[in-house]
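You are given structure tokens for the same protein chain in two forms, set apart as structure 1 and structure 2.
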Structure 1
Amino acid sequence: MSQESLDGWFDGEDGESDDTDAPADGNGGTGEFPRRCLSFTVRGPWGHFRRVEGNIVKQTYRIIPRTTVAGLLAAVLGIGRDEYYGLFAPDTSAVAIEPVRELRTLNMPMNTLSTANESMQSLNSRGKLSMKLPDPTKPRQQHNYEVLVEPAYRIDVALADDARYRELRSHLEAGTSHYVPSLGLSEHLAQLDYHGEFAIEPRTNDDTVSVDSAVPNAVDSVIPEPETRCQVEESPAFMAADAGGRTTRSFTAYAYNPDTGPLSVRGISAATVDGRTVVFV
């Protein structure tokens, strides 16, 4: 894919850091900002973003993981699996996520098929392309999925790849997408409401800022306030393709207010987008 020079993309003084694997750690973000971003709200009746610590249990992240946002936008753009990680890499993209509806979950028992080896059927097992599927004639087991109820997130996204950025903008403007967007699982369909394109204005280095978005990689900088609930969770942020498939290249710990509303954070590189204060990663 084609990428523009980073000079036009970041407002920073020295261009971008050399570290391509991980985002700048610590106080959130690189301190440098792209000039503009696209802003939209993704929402749906249900969502489920499986936490990586569990496969027996099916718990969900509260904040849509950055990797899921990347996959969602790749679906809009019609890019295949394992082909979009570069587009959303740390030095070529910036994403801020703000929960805009109270984060609420409930337990939803679902009937699932066993994926134990003895319950799997091989299709075309001797052919060049073969695959295994759970045997649909087997009885179902009921498992409990933790699902988000009416999740909604305001997403601000900037891409260094100008062609892709424009393509994404026209999709969002027109309300179109190549694949059907969903919130985690394919059955949890998502709706995207486009708000427009906004300038990213870096905040001057205030001592304390009131941040509207979830705050990435700055848990220790959050100022606890008795009236404001502050929760934390760590989810995958960046992926990379390799010979065998894909691996997560870094995780991000988000601090967030489950009731929506801002968190006070000390000494962080924030930005103003559409009158809101957000932190990109």
Structure 2
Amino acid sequence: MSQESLDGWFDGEDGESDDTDAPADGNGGTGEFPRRCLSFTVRGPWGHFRRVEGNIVKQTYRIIPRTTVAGLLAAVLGIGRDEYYGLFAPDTSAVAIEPVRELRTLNMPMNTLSTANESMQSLNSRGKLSMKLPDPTKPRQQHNYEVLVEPAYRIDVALADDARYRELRSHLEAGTSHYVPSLGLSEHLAQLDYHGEFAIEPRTNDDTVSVDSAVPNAVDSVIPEPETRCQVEESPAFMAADAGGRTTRSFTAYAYNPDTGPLSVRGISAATVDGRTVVFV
């Protein structure tokens, strides 16, 4: 996969090259804003983004993790597992996440079959093409899943790889994808509503700003306000391939309003996208 340098971020189709602005963001990224991003809403009737901790009850993150956004977009682009982490690395991508529907959950018991090797059954094992499926004669295991009800997030994404950026834009415009998009689990199908391509306008000299997106890595900068709820959760942000498959390299702590709506934040680097104020990571 070819990877453009940051100097080439968001050259226009007319070939005009734009420099990036470089405010200190303090959000774990490069401190630079690209010029343009693609914006879409991902939504569905159900969602589950399993938290890395816990085992008995499979709890979910409320904010779709950045790593899940990367996997979702890799599915749209048709990139295989463990092959897209460089595309969404800290210095080659920027993502802002805004919950646009009230975040609520319920517990849902599910009967599942084990996918451990000893419980898998080979089909056509002597043929050129074979596959393994869970043995349906084995007893089911019941797990209690915490699932999101009708989750919806507005996603703004910029990529340094210009070819992939244009390819993603074409898919979003046409409403196509290589693999079926989902919200965490494969049975939680997702719909992507494309809003368009927008300029990213850095906000400067703002002491306090009203942020529409979830606020990454600035929990101490959120100004508490009556009648506005604020919750915090930490989720995986970046991954890298290794000999065993993949490893989470860093996490992001998001502050967010579970009822949707902005949070007042002091002293951060934010940007305006399509009339909204967001923070990228």
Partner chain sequence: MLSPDEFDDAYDDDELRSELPDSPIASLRDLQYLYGKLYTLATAGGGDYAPYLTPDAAGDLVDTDDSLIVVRVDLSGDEPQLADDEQGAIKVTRYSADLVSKVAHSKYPAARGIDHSVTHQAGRNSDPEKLARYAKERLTKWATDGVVQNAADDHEDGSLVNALADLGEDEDVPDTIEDAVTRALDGESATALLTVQVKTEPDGEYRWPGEVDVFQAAMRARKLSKLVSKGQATESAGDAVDIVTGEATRTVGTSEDPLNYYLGKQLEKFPGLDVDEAWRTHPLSEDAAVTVMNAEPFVEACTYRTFGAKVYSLPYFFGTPTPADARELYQLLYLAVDAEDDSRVTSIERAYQREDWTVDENRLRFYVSAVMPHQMSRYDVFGETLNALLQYPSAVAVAHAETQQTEAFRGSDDRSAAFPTVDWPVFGSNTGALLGEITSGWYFGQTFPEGDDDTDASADDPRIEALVNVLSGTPISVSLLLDAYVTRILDEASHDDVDGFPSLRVSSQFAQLCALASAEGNFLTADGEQASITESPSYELRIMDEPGPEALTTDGGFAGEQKLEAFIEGTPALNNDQRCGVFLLGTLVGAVGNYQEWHEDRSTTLVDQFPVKSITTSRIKKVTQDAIEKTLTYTRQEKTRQGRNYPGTKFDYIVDRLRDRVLNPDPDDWTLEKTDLRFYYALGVTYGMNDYSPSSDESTESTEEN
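Between two forms, the rigid core is defined as the largest C-alpha subset superposing within 1.5 Å. All values reported here derive from a predicted model rather than from experimental measurement. Reference numbering: structure 1, starting with residue 1.
- Here, the chain labelled structure 2 is taken from the form predicted on its own.
- Annotation: Cα of residue 176 displaced by less than 2 Å between structures 1 and 2, core superposition.
- Here the rigid core is superposed, and residue 115 then shows its C-alpha moved by 5.6 angstrom between structures 1 and 2.
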